[in-house]
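The chain that follows stands alone, in the form predicted on its own, written as structure tokens.
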């Protein structure tokens, strides 16, 4: 598949307004990013978004119910000084709302024993909950490292004859993935090292469920990584978008007929989400965007237009998680079905 980088750059380039320049200086962002927020939300709500990204989010403990019951894990962690709050839509997971000075949550005996996975935020639980709703079969996690979603899927499939194919290209991230799989004793996860764009030529398998958590700008995670305010130039973004289009286009070939694909980014940029999905839909006649099979809470809907760009109406079915509305990382999820 040939993707024109110049076309993408022309589509996403923008001059920043005076207001965007002032806000970018105040909050430390690249001006084009602030201009995007104003164009999407208006000045008043864009300011709320910028303020929300200055605030911390609550980390999450996800119990490994293969090894321990969630209630027993909660009791053990609270006995050593942690305060946990159950996440209503993910009953094996808990927000950390208080912690002792020592030990840290990533250095307890329970963590080392593999009794839980530590998430920076609850958003990464959402695509797994949606993709695995009423499903029990093999799953491809195409860009799986460091392993939060792959290990969660492995827990859900535990005790069945199904497995997770957890693939990634970046070696240092793969080492983290293997470490988590080993620590949590999940022997139903197979790890592979491959560019996901080439995976269809490497394996003779097709899947009813595919998770593509695409490498992206990560600007939805600015609250824990402020460096992302200035890390990605418009050209860098265009290069990322090109790769994201290629990744999504390629993994569709690994889906069975009627298979479900979750395209996910920890980004609120339309360029990396609705724009990418719309480009792939334009190039393939075998895909459709579908609504979430279950509503965990009141998400926001996807965009059908952005500046001069117009997207297909079905992109309303995409899910947007906004820091200033939902109190979570910025996140976008599009569920796509491969037509039979």
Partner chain sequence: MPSEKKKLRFRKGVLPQHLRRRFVRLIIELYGEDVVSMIPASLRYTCFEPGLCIVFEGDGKLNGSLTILYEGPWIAFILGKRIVPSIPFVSRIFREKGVKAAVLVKEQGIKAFLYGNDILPESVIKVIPPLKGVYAVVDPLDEEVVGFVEWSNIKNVYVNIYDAGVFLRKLG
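This is a predicted model, so every value here is computed, not measured. Residue numbers count along the first chain shown, from 1.
One more form of this protein, predicted in complex with its partner chain, exists but is not displayed; see below.
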**Request:** Report whether all of 76, 178 and 190 sit within 4.5 Å of its partner chain in the model of the complex, measuring from non-hydrogen atoms.
**Result:** yes
**Message:** The chain here is shown without its partner chain. Which stretch in 262-270, 233-241, 199-207, 92-100 comes within 4.5 angstroms of it in the model of the complex, by heavy atom distance?
**Reply:** 199-207
**Complete:** Only hit among 159, 106, 81, 227 for heavy atom within 4.5 Å of its partner chain in the model of the complex is 106
**Message:** Although the partner isn't part of this model, could you tell me whether residue 171 comes within 4.5 Å of its partner chain in the model of the complex, counting any heavy atom of the residue?
**Reply:** yes
**Message:** I'd like to know whether residue 249 contacts its partner chain in the model of the complex, with contact meaning heavy atoms within 4.5 angstroms.
**Reply:** no
**Request:** Using a 4.5 Å heavy atom cut-off, state whether residue 135 contacts its partner chain in the model of the complex.
**Result:** no
**Prompt:** Would residue 117 show up as a contact with its partner chain in the model of the complex if we use heavy atoms at 4.5 Å?
**Reply:** no
